[in-house]
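Just one chain is shown here, as structure tokens, and it is the form predicted on its own.
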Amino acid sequence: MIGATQGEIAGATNNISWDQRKRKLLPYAYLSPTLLLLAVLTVVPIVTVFLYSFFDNVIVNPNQPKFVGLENYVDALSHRKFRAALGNTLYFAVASVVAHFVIGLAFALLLNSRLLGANVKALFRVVYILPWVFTASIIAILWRLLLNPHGVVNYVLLELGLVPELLEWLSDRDLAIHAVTFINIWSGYPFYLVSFLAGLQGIPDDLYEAGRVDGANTWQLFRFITLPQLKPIIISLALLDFIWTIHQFTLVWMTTGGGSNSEVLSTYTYKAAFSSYEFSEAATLAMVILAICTFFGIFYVRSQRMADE
């Protein structure tokens, strides 16, 4: 009798443990189709490109692939064109992030102030958000028309006497990278504006009232209350924006095509693959871009965890 009771107890325990396992595994069963799709569309291509970066004569080549180890990375990183593209990319990304921060925060402070009425704020919100509505291809076409030598920008500058002659904004070696960076700044600042405006509206008014009681002026309120309260948003936005800008392709390709000293890593990689058909080199460059983005992505995840804590 006792043995039967112990067996029943053991069986019941096993059933409970199996039920617990099923409950734990059930969410993964529901997620399995999505995880499989992500593996096929993301993990498999990344692994394939990673393997290609260690071989020569891959994809469209009659010869057998040849394992070369890190030779592709050494050749790519030591190439003069790669260093130029890397320098342009860093300038493009850093200048964009800094300008996005300054412009986005300035406009957010303006829209959050009491200097403007409700109707004026609503109008400005629509105007300020417009660059974010357009796709990168539309933005590129729009600014190619505006920056055309016979376009509106040159006409206005000539009429104001700010330039002595018509300028080739997107084909001049000294101006192209700056013009593309300006276009990216114009198209990207609304993301900062919306995020900062939401953050400003979430700061309690009691903090500002307490600061005024203590005799703090406007700059001190901004420095010791506004900026610390926005710090998690600033870090997240800066890291995300830097990652997005590092592999920006459409805007650069549709404005300058990476020519006129405006080559960035994304266009350099594209040309290596589909213009020169150097797929091993392109795979290597793609892994370098992925490594840079992953490095900053780790900092982004850590900042999010710190913000949650």
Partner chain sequence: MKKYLVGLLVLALMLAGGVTMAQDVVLEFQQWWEPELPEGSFRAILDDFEAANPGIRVETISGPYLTTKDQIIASAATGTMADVVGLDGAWVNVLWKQGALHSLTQAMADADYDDSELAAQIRLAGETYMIPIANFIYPVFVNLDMLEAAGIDPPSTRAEFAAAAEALTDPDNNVYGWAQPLSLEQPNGIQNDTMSWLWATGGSMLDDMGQPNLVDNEALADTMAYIKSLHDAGVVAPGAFAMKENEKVEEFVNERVAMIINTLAHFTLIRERNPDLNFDITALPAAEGYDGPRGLPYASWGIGISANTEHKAEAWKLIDYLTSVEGNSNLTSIANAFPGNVNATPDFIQTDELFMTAFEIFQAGYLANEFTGLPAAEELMRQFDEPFQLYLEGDMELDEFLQIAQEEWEDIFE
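These numbers were taken from a predicted model, which means no experiment stands behind them. Numbering follows the first chain given and starts at 1.
Unshown form predicted together with its partner chain; subsequent notes refer to it.
In plain terms, the part of the chain that comes close to its partner chain in the predicted bound form, with a heavy atom within 4.5 Å, is 259-267 out of 25-33, 39-47, 240-248, 259-267. The listed set Arg212, Arg223, Lys231, Lys81 contains one residue whose heavy atoms approach its partner chain in the predicted bound form to within 4.5 Å, identified as Lys81. Contact with its partner chain in the predicted bound form holds for all three of Pro149, Leu170 and Arg173, each having a heavy atom within 4.5 Å. In the predicted bound form, none of the heavy atoms of Val133 sits within 4.5 Å of a heavy atom of its partner chain. Not displayed here, its partner chain is kept clear of His178 by more than 4.5 Å at the level of heavy atoms in the predicted bound form. Shown alone here, Ser275 lies within 4.5 Å of its partner chain in the predicted bound form, counting heavy atoms only. When its partner chain is considered in the predicted bound form, Arg125 lies well away from it, no heavy atom lying within 4.5 Å. Residue Ile59 is the sole member of 39-59 found to place a heavy atom within 4.5 Å of its partner chain in the predicted bound form.
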